[in-house]
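The same protein chain appears twice below, in two forms, each given on its own as structure tokens and labelled structure 1 and structure 2.
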Structure 1
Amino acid sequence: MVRRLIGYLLTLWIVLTANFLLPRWLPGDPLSALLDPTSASYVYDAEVRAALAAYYGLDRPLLAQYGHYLSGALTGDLGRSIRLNRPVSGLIGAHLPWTLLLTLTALSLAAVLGLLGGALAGWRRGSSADKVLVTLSVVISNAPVYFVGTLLLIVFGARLRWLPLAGGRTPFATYPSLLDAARDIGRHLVLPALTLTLATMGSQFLLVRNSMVTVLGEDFMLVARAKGLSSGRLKWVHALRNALLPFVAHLAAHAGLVITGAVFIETLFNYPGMGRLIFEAVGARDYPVLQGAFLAVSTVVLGANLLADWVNQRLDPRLRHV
């Protein structure tokens, strides 16, 4: 685990460097609107424009900007948003909990449904139920996220009006109790979480199902059957536990894809998470926000993969010597 941790720290440094370079490779810059005479926000005073560039450090050499960025990232100072003139750490603190709520809810639902469905389908491999579940999982996993979200929004939000159309909670609402606040936030969470769950559940189902089929053909399963163990113990204890190893690794690796999908979903549902923040920051070329947001997301993904390595070592002690 120490070697793995060192590898993750090296990966984090590479991510930090990529976070610094990628926004600067985008066409334009944060002050392009201020320097464009055709823009409504054009600053006519050249001294003011120069002062703005100096204030945000955009007049420094690239290497100097990189050194300032690394020192700020290590000390927790992510700078100020050029678009909103607010501390980036405050913006991330306001948006990251919403994204974590959405992604953790969707990942948990997809993991439970994929795990149970894949185990049952693998146990009954070749049956009609297995074929139906495999077909549905392939169709759902290949459907565009934006299309699925729009369909759910039209049916349950616009037509039936069972759920809110957008947002993370009702604007200007006051809650008499925490239960009322949780209920309102939960109603706004249903559609984006369901969209993200459907987008990720198919691949997890197929992985567990195929792993179960492979495990059922192993010699130790034949020995377990010969001992006269019950079908429930064979399925849930012997077969499923050995099928969990690739599932846990895939679940952690899938966290990055889930957050990427959350960018589109949060934009579609106007959900106040990191995806919405990144989307608006890209349009404004807001370097500090992009750097801070990508750093927060990358740290969460790397942390999830490190946790998956630890869980896999607990499930299979042989990995501790690899």
Structure 2
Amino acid sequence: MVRRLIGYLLTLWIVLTANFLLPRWLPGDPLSALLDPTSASYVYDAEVRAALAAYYGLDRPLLAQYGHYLSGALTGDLGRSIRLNRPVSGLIGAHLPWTLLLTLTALSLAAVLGLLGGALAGWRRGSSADKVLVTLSVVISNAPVYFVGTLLLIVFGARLRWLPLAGGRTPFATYPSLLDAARDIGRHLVLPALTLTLATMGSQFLLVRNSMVTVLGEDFMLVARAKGLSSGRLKWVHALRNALLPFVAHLAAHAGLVITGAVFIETLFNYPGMGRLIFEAVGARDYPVLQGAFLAVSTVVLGANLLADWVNQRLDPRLRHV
């Protein structure tokens, strides 16, 4: 586990360094262009330009820039937004909770539904219900997430008017109680979370189903059956418990998929999370925000990987005692 941790720290360092080097090394010199009056992306606001010049320090040697960047990143100084002229760290602080709310909700929903559905489909492999579920999963997990989201939006938001069309909460609303706040935020969460759940559930379902089918063919399942155990015990205590291992191992990789989905969904639903922040920064070529968002998201994904590794080790004794 310590080796793993070192591995993740190393990866984090590579991410930080890549984030530093990419804009400086890429053709077209995008950072210098910000401060170059002859270029199209010249920043006209003098105050912002000064802040950028100070943050990037392009006139200093590369190593000094790197040192400045690293110490800044570690203390939370990620520069200032060109568009909003606000600290990037503050922007991320405001947006990240919304994304975490959305992704964690969708991830847990998808995990529970994918796990249960996959287990049952794998148990009854070959049945017509299994075939229908497999086909549906292939189709839904391959459709572009923003397209699925648009359709849900049209049906539940525009036509049926059950749920709000956009946003994370009702603008300018004041909540008499915490419960009302939760209800409002919850109503806004339903459609984006549902879309993200649908988009990521398919692959979880297929993974669990296939692991289940593999596990059911193992010798120890035959022995468990020979032991005269009930089908419930076979299914849940032995088969699913083992099918859980690849599922958890893939959960981390899933975090990346969910983040990807979240970027699109937040854009579509105008949801005030990281995806929306990235989308708006893209429109304004707001490089400090894009870089900061990339760092933040990478850190979250790395953390998710670390957590999944740890859970997997708890679940699989073969990984614990080597």
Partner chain sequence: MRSQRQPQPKHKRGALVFGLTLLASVILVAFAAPLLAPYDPHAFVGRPLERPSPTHRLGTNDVGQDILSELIHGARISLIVALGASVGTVALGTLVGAVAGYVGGWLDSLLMRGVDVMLILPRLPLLILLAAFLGTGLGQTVTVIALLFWPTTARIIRAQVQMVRRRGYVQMARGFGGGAFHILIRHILPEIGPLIASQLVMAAGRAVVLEAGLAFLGLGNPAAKSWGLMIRFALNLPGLLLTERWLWWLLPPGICITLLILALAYVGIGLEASLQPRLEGV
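Worth saying up front: this structure is predicted, and the values here are computed from it rather than measured. The term rigid core refers to the most C-alpha atoms you can superpose between the two forms while keeping them within 1.5 Å. Structure 1's sequence is the ruler for residue numbers, which start at 1.
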* Structure fact -> In this pair, it is the form predicted together with its partner chain that is given as structure 2
* Can a Cα shift of no less than 2 Å be assigned to residue 65 between structure 1 and structure 2, given superposition on the rigid core? -> yes
* **residue 286 C-alpha shift between structure 1 and structure 2 of 2 Å or more, rigid core reference** => yes
* **Rigid core fit between structure 1 and structure 2: Cα deviation of residue 20 in angstrom** => 2.5
